[in-house]
Every structure is written in structure tokens, then in C-alpha cells.
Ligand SMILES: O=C1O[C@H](COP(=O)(O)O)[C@@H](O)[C@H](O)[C@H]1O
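Shown below, as C-alpha cells, is a lone chain in the form predicted alone; questions about how it binds or moves come after it.
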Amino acid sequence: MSAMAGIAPHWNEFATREELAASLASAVADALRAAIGRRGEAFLAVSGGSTPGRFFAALSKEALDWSKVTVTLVDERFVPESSPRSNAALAKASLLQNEASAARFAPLFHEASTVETSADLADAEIRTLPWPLDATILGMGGDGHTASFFPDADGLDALLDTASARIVMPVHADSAGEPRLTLTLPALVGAGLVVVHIEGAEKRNVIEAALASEPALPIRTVLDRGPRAAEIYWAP
């Protein structure tokens, strides 16, 4: 995987994580309202992990017609929603509350004997949703992975192939700790608004190093291959 000369991302820097959450929630709500006004519905993909908690809480209180919004995940662990490691459980507990409780949720995990079968089921179901995404909210790990594009993932090039016909694919990576399901790169970066939400000096250093060096980490590839500049939201 080689680095590409992509569109430079736009940095949005905040003094506090609370300010970041409020601003990002407002920007995403605006994108969803615009989509509803334009095509009668909106489609949002969000990340898991601990970072988006404040943002989820702020977004859940935004006033818009949530009954016309579909929410899915950028990636998911191959675990049921009853697991404490489930991204779906986190999204339902933190985002699909308050005003946002009226939104439709589309999970990636499907009960199956293998992650490959689960991904096939998710891919077939998610195709029925209102593509393209109107907003994609990504996180990033300290190793430069985003979604489930781990540097050591089997078949990483296929996950990052902008010509991929798949929407959901299975992921096996030793560093992931368990199999994953992820939206593919073209599904994610085709959104009208693509955001990478990071907090803390360490993660900022990872992105800055990734943008300045080769070979490209997955986060660099995602930032480079989108059709428009991504937005990086950062607070210390």
C-alpha cells in the first residue's frame, strides 16, 4: 500500500473536548437536516470506542426529524449486542437516546457461524439503505487504523480498494483481538461529510506523522482517497 497525493484534510481544533463535541454535533446535525430537505431522508455512520461519548450525547439532543434518519456503524466486532465490546450497544446507549431515539438503527453484526457469513448478511441488508452516506464519523487507533482497517489486516488492499463492489467486509487482524466487520473505504469516504474525530496529543501526533511519511498508514490512505477533503476534529 503506497501513499497517494490526496486532498489535504481540514483541521478543526478546540480548547476542550466539550467544545469539540458541541461543534461536531452541530455540523453533523446540519448535514442530516440538509439531506432530509434534499432527499427526504438521511444516512449516518458512526464509530465505536470511548472517544465519541460526549459527541453522541450532544448529537442525541439535536432537534431534527430523527424518524427520517438511519444510523449504522463504520465497523463492528464479531460479537452480539449483549457483549460489552459491541459498538451497536454503545451507539444505542449513547446516541440513540433523547431526540435521536426515533432514528432507525442498522447493525453490522448478524448472528452467524463465521464472520464471513455475518458480513455477507450485513452487505445484503445494508444495500437496501439510503446510500450514499450523508456523514461518516471515524475514529482512529494509536496504530493508525480507522474503521477496522488495521495495518496488519488480512487483505487490507481489498478493504481500501476504491473500486470495491462490497459495502461490508470481514476483517481478520492479530492486533484487532477478534474478527471484525467493516464498511469498505468507498462506502465510507463517499459521504458528503467525512470526519475523523480524535482527542489527545498522542493521536494528533499519529495523524501528523502519517500525513508526512511513507508507507501510508490506513488513516493516511482514507484521508487521501476521498473525493473531497475530510474534516479532522481534535481537542487535547
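Treat the numbers as computed from the prediction; the structure is a model and nothing was measured. In this text, residue numbers run from 1 along the sequence as written.
Beyond what is shown, the protein has a form predicted together with the ligand; the following relates to that form.
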{"item": "Residue contact check: Phe78 to the ligand in the predicted bound form, 4.5 Å heavy atom", "value": "no"}
{"item": "Partner proximity in the predicted bound form: Thr72 to the ligand, non-hydrogen atom cutoff 4.5 Å", "value": "no"}
{"item": "Partner proximity in the predicted bound form: Met140 to the ligand, non-hydrogen atom cutoff 4.5 Å", "value": "yes"}
{"item": "Contact label in the predicted bound form: Pro186 to the ligand, heavy atom within 4.5 Å", "value": "no"}
{"item": "Stretch in contact, per heavy atom within 4.5 angstroms of the ligand in the predicted bound form, of 29-37, 64-72, 48-56, 205-213", "value": "48-56"}
{"item": "In the predicted bound form: members of 144-162 within 4.5 Å of the ligand, any heavy atom", "value": "His145, Ala147, Phe150"}
